[in-house]
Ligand SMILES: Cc1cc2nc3c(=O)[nH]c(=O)nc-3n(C[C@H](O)[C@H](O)[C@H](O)COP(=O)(O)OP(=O)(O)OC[C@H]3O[C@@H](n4cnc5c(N)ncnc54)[C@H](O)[C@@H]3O)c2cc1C
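In the block that follows, a single chain appears as structure tokens, in the form predicted on its own.
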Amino acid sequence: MPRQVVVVGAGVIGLSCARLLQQTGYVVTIVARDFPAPFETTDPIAKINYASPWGGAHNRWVPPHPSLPAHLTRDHALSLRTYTHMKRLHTAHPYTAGITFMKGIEYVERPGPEYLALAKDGPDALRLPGSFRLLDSSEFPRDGRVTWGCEYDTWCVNPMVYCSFLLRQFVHRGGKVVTREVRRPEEIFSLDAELLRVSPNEGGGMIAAVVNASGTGLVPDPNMTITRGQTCLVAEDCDATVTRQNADGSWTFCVPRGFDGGTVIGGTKELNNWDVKPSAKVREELLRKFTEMYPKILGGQKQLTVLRDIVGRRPTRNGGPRIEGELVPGAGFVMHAYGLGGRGYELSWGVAEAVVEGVERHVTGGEAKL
């Protein structure tokens, strides 16, 4: 049977899928328009649709609950799998993978049933790894609006250090890369074998599967949209990832990048907003809210040192990410893995495991849907 797979997309999902497929024994080629490069030299306008450089790139637990969309139960399982992979990578490559483990802090002004259930049942109900504790009200921000809080073990990454690490691992282990813009995943099946750097197989097709890790999907999907996020990168380091859900639906958060990458302060979540320009007024408000909530980051300074405004487009799919296989007539098997919105990093290895399982089921004659 053919054992060659082509992955479309070199964001965090494509790179994770490519590495895990490679480890499973497949010959893998990545075809993408954009590849990891130093964040400091990445053009924010030209590369705005390459979502991975702009991500907060950390893990925060999103508890599933019967009152919430059903896909969150699946997504939580994917985040648990990802945590395990991140722990393993950090242990094996503590200085080069771009991963940092630290505390995560959550503040909620108006907790929903998922948080109240977590307070009642404890972290064991969600199989959370590491330590977890509910915060005492004396540990809440001083403004008096937060009514629920917790602290847990988590991870964050420096996005382009981490993605470059994955790409380097992939290439050093024989993986091939092709820089090319693809408009449909089916297009891969018609590309020249020499371009893809794969070899035809006797008795079977040239390619066992195409993995569609394009972010936006590259296929007609009425459930796809984008979520615009504006954040601000500051030079100061923070000692934890801190997230606050405000009663008006807005968010205040920070994600330390580690590896001399500063800290991302955010942020906004704006569905269907395609504006590429950051707002100075929004930046001022983001920084004000965060320093009032968590003044510890100032370290005695009067204000934070702004390095860069960041605007990113998070490919978002209503109803949750699409992780399923499709046999395209006249082309071949496509394993979809797109539409993760702002959760690409925190679900990445779980999605990669699901992709490998789907490809394996197809190769062995089974179904491929998670």
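Computed from a predicted structure; not experimentally measured. Just count from 1 along the sequence shown to find any residue number.
What comes next is about the form predicted together with the ligand, which does not appear here.
- With the ligand omitted here, the record of contacts in the predicted bound form names 43-51 of 298-306, 324-332, 65-73, 43-51, defined by a heavy atom within 4.5 Å.
- Taking the partner from elsewhere, residue 231 is found to have a heavy atom lying within 4.5 Å of the ligand in the predicted bound form.
- Using a 4.5 angstroms limit between non-hydrogen atoms, residue 27 is distant from the ligand in the predicted bound form.
- Within this chain, residue 314 lines the site of the ligand in the predicted bound form, having a heavy atom no more than 4.5 Å away.
- Contact between residue 18 and the ligand in the predicted bound form is not found at the 4.5 Å heavy atom cutoff.
- Contacts to the ligand in the predicted bound form (heavy atom within 4.5 Å) from stretch 327-348: 340, 341, 342, 343, 344, 345, 346.
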